[in-house]
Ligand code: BES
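A single chain, nothing else alongside it, follows as structure tokens in the form predicted alone.
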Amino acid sequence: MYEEIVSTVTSQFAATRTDLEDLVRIPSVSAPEYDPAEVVRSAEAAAHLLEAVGMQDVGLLRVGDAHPAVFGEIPAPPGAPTVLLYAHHDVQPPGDGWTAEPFEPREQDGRLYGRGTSDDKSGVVMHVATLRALDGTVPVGVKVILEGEEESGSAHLDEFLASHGAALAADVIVIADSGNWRTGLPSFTTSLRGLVDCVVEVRTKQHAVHSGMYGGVFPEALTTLSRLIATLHDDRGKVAVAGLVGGDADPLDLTEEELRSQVAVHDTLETIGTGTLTSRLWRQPAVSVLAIDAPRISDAVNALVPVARAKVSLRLAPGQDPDEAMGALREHLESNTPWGAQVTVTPGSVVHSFELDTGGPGYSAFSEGFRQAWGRAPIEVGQGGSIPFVAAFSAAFPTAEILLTGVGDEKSRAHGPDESLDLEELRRGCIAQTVALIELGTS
């Protein structure tokens, strides 16, 4: 039934790959210390791609000083649903450890390497490829929104939805910012962990004093902070903050050996926590210390440090209320500060966890698309990360069906060095989404 779609997407795939390579060459890092002009250039390039495949009213959407998003639409035929296709065109900083230039795409063994190949410029070109394949005969309404600050925390998301939310209303929302469990195994992501974080400050004295003259009577701030953050886990490495929820997940076929390889840990490093590996990744809380403010070693002097700070990040299991979790984290830090030191906890980011419904027409349509593209039914997986857009869209459009898809895989190394994408997975993803839109328009 869909042989012509498969043939069309395949014949056009060289153009799709070129689109992806051109976008990867633009270093659209949205982190504050990087050039915002490159994110604008990425948005303009993505807008040009949408115009070239027939989208209407294409333009850049802005709020305040946020990086621009890109929007375009094709109105729905009478009686047909409207589908919103989401991706983001900004990327993470390149970081260290690359074996080649991060913003010059290169192919090796069927994989395209470069920052953003998987996360998430593949999502951008998948939407473009879908519309190119349909060639003006789109059986549903289509809106495309390409965010420009997802990798920097979607800080302006609430303002963005307040200003532009009416234009984004849809019956089905497809967020192409996830991936498949394994290469060749199509997957729906059906749960996301949430997030809260804070900065904890420990102060032991009003100013530094000579460590030789006064050391040994009163503690300094770094030792005090170290003992405090050590209380966040028990001896087994399980999160020790009281009052947090957790759950179990299907272990699937994930082995510790495979996970150790993906994370590139040292051979002697032990795992922490309890339960299946997938439950620890997807459905249990996880706490991490992301940064510490203290004197650099090169600046060290023989003085007792009076103040030290740490940024603490807490991933939340699905079903956990973030306000309650932040309250529990604050209570833990305040009540476990040793030796009577002063402690101040300043809350930061808040991202809600999410569980997606799998009973709607969009799920059925994409399931058929996956079967046509991969020759097998999809599986359901969770994701340990947080995507602010998901919960925000659910709140803004409570009747819309939300799907979380994508074509990354276990080898993609998103956010890490040598990020890559399996090109065959991208081709299949383009086929699947094209079939799904036809299914939605004929159901």
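Computed from a predicted model, the values in this text were never measured in an experiment. All residue numbers refer to positions in the sequence shown, first residue = 1.
The next section is about a form of this same protein that is not shown, the form predicted in complex with the named molecule.
Engineer: Does the trio D119, E150 and S386 actually contact the named molecule in the model of the complex, every residue with a heavy atom within 4.5 Å?
Structural biologist: Yes, the whole candidate spot contacts the named molecule.
Engineer: Can you pick the one in R132, K143, R280, R315 that has a heavy atom within 4.5 Å of the named molecule in the model of the complex?
Structural biologist: It is R315.
Engineer: State the residue from V125, L225, A365, L192 whose non-hydrogen atoms include one within 4.5 Å of the named molecule in the model of the complex.
Structural biologist: Result of the distance check: L192.
Engineer: Hey, of 207-215, 176-184, 319-327, 334-342, which bit sits against the named molecule in the model of the complex at 4.5 Å between non-hydrogen atoms?
Structural biologist: That would be 176-184.
Engineer: At 4.5 Å between heavy atoms, is H415 in contact with the named molecule in the model of the complex?
Structural biologist: Taking the distances in the model of the complex, the answer for H415 is yes, it comes within 4.5 Å of the named molecule.
Engineer: Does A308 make contact with the named molecule in the model of the complex, using a 4.5 Å heavy atom cut-off?
Structural biologist: Residue-level check for A308: no, no contact with the named molecule.
Engineer: Tell me, yes or no, whether V200 is in contact with the named molecule in the model of the complex, where a contact means a heavy atom of each within 4.5 Å.
Structural biologist: Because no heavy atom of V200 falls inside 4.5 Å of the named molecule in the model of the complex, the answer is no.
Engineer: Against the named molecule in the model of the complex, would H88 count as a contact residue? Criterion: heavy atoms within 4.5 Å.
Structural biologist: H88: yes, in contact with the named molecule in the model of the complex.
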